[in-house]
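Consider the single chain below, provided in structure tokens and representing the form predicted alone.
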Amino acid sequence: MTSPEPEQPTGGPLRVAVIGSGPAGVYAADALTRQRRVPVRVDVIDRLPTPYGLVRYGVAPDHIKIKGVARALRRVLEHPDVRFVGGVEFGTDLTRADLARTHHAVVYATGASVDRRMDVPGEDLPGSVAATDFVNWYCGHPDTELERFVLDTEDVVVVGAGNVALDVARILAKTADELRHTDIPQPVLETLAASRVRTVHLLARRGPLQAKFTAPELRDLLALPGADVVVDPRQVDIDPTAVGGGATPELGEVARAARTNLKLLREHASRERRGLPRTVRMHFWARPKEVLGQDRVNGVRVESTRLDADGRLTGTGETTDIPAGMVLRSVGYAGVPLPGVPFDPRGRTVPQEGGRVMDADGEVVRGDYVAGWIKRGATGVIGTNKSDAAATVRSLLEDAEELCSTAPAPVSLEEVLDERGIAHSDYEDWLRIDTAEADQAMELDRGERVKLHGWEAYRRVIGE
């Protein structure tokens, strides 16, 4: 049985504000404008003057193909019924009450922007930082100072077994020449060229079958041309059918991916080291117990782990100290609360059903919707956001008639921003930045684009 078609609202188009211009937000705008039953106008609002979110500031610069997603997102932002509004921060420049005057509905697509903590002693020592900070730095996020990282240590520990951890290790292990063709900001490239890092230790709390990284990411790491990747053969000498295997539900897509990873690791472990200038050491069944040091990091105490009879991770009590001058934690992302929007502090997400935001009493918050990582947690890949956003938009369109019939006629967003004295950028400003980055790449002979770095550079280009 199919759901009834939503009736076309009366009194003008359905006006929707999307908070966040990353994949989830832009895919929500795409789903809204692709349908023909309800006329819509979509404002995609972001605190940055640059769109695309994690595609621009989270995908490693050497992942050229993944960055191609921006071309598809660009087509959405250039739709006549979609408008990009940059330089406007929800909760500071605009409140939910403001948006109630300007739009019939709001879709929150703000992602999961902070790293989870390891909760071990010494975690806050200088030199122990979130991988997010390092990713923002090498991706040219304007909030990050160029001096944030100097890479003056020979040994770095990266804690985590997901794709971001592998990205971080790979960037640390590559030479500047290997990154020259990417969009990495020029000052960052110069810092990487002067890097003293020689050994990167990757710590995974569980084994290779439980690791969260994908096979393409693992292949990229194992194929580093200027670094030996060391895998202990004993840690990958595993029969996958004997570990959480058989005919259990675990042996679905995830388990097939895990077996692919194991095959790659076993093949690599049998190869001889090439004696290259840099080394990446993969440590499975190893969790940090303490970050060592007095005034700053000088190592990590690591405990060996195993799974108990119930499949729970437990420590063996056996510890090893790894010398290191920097620790980067990459143990998961978490959402942050949005002013005036319900929040689940345990799941670090906005509570929802079918994309409709729910309050503390389990009631639907009229006109509020959610998509992406702030809806479901930091899971899936970029493409996962497309179906996720489409599901949210289906709920929104089901509610369209009620939203339009019971809300007052919206005032313009510009009127509210003017009332508050908030200057904002638009899509044309983004195109100016885009052009400036292409010009910079040509001047430096460095590929298609070289990112500008810092707020001053953005302001200079868009003439603020």
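The structure displayed is predicted, hence computed values, not measured ones. Residue numbers here begin at 1 and follow the sequence given.
Just so you know, the form predicted together with a small molecule exists too; it's not on screen, but the next bit is about it.
Peer 1: May I ask you to state whether His201 is within 4.5 Å of the small molecule in the predicted complex, using heavy atom distances?
Peer 2: It does not: once the small molecule is placed as it appears in the predicted complex, His201 has no heavy atom within 4.5 Å of it.
Peer 1: Would you classify Leu94 as touching the small molecule in the predicted complex, given a 4.5 Å non-hydrogen atom cut-off?
Peer 2: Although the small molecule is absent here, Leu94 would stay clear of it in the predicted complex, with no heavy atoms inside 4.5 Å.
Peer 1: Report whether the minimum heavy atom distance between Ala378 and the small molecule in the predicted complex is within 4.5 Å.
Peer 2: Judged by the heavy-atom cut-off of 4.5 Å, Ala378 is in contact with the small molecule in the predicted complex.
Peer 1: Using 4.5 Å between non-hydrogen atoms, is Met118 touching the small molecule in the predicted complex?
Peer 2: Answer yes; at least one heavy atom of Met118 falls within 4.5 Å of the small molecule in the predicted complex.
Peer 1: Scan Ala161, Ala169, Ile374, Val291 and let me know which has any heavy atom within 4.5 Å of the small molecule in the predicted complex.
Peer 2: Selected option: Ala161.
Peer 1: Quick one: of Ser330, Asn261, Thr110, Thr182, which gets a non-hydrogen atom within 4.5 angstroms of the small molecule in the predicted complex?
Peer 2: It is Ser330.
Peer 1: Considering the small molecule in the predicted complex, find the one stretch among 152-160, 294-302, 347-355, 83-91 with heavy atoms no farther than 4.5 Å from it.
Peer 2: The contacting stretch is 152-160.
Peer 1: Counting only non-hydrogen atoms and a 4.5 Å threshold, tell me whether Arg206, Gln210 and Glu217 all contact the small molecule in the predicted complex.
Peer 2: Yes, the whole trio is in contact, each within 4.5 Å by some heavy atom.
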